[in-house]
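Just the one chain here, laid out as structure tokens, in the form predicted on its own.
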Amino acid sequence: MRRLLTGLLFALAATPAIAQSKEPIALRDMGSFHVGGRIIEITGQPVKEVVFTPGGVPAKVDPNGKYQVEQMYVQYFLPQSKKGKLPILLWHGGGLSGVTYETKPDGGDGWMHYFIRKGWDTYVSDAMERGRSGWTSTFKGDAMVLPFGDPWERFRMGPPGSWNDDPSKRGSYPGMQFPADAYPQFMKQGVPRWVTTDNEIVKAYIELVDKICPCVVLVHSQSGTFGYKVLEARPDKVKALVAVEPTLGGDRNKIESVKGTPILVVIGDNAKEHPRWKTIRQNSVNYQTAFKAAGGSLDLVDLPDAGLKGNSHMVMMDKNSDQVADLIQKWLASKGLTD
């Protein structure tokens, strides 16, 4: 008993204060798996001699043979008190991984924690070619990584021309909710991405939906495109789509087949005026018009108009991320998806 108590006190002492501010998360199960992918065969390559460890004994390696590629990693958390009627799947944006929804760069709880606490069976994935899904040299083209300062302006933490390597000289939007001091931690989350792999990514997501759903799908940025494509492929299984700052809307020629699924689009601050984001936002506005004209339900919420101001593109990492999640939670409840 003394050893158990000592261990408990140590665990509490070692827990960051920010993590102690909320009720502990109780789960009935958790785990992970890979889904999707295919087997390819490599031929005609020369045998190589490889030293796997510096100073080790060389070994001959024949690179010819069959390989498993294009699989996707998924982790899941099933709360003890289940209140969401369906699982919720959290899909990240370009150059990122499922870490997007985990602990925020400033140490706060992410949306993964939020939805688990709200009683949703929560699935967080690393898209094919990202993170723990792994990548292969058989992808077409070169991998792309953004320079350190690029997302500051691209993701609307500061206006065009505001980046400076010196944080004291770096500009930001008035009232910005992204934690500026945590920007270096955010940039450590970046991973290489390709711009030629969309079809393979969508295929893996469809296999995940086939395995887990019916469900709610929540997408962000680049995965907005994937969310719409998966909805169009599986309209009977995606029962609601939440698109946070999606880069594109869906295919207007396919609205008739998906109009039975309610959609929520959430857009942060300064998007209406930004040289690039005003066009991206307009894509969603145009899709909303067509979707509603066909008799579907698509709610587009500009967060400033809802009283939530200062949000960057990385809404789920902003200081008011829980308030935005509350908005999403209330919308899901209004669609009858929670107990």
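The numbering used is simple: start at 1 and walk along the sequence shown. As the structure is a prediction and not an experimental result, all values here were calculated from the model.
We do not show the form predicted in complex with a further copy of the same chain, though everything after this point is about it.
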(Q) Check for me whether a further copy of the same chain, as it appears in the predicted complex, comes within 4.5 angstroms of all of Asp29, Gln71 and Met112 - heavy atoms only. (A) yes
Q: Taking 4.5 Å between heavy atoms as the contact cutoff, choose which of Cys213, Val191, Ala233, Ala182 touches a further copy of the same chain in the predicted complex.
A: Val191
Q. Is the gap between Ile25 and a further copy of the same chain in the predicted complex 4.5 Å or less for some heavy atom pair?
A. yes
Q: Although a further copy of the same chain is absent from this view, report whether His34 comes within 4.5 Å of it in the predicted complex, heavy atoms only.
A: yes
Q: Decide whether Asp198 counts as a contact residue for a further copy of the same chain in the predicted complex under a heavy atom distance cut-off of 4.5 Å.
A: yes
Q) Is there a non-hydrogen atom of Glu256 within 4.5 angstroms of a non-hydrogen atom of a further copy of the same chain in the predicted complex? A) no
Q: Please determine, with the chain shown alone, which of 257-265, 174-182, 113-121, 234-242 has non-hydrogen atoms within 4.5 Å of a further copy of the same chain in the predicted complex.
A: 113-121
Q. Who in 122-156 is close to a further copy of the same chain in the predicted complex, meaning a heavy atom within 4.5 Å?
A. Val124, Asp126, Gly131, Arg132, Gly134, Trp135, Ala143, Met144, Val145, Leu146, Pro147, Phe148, Arg154
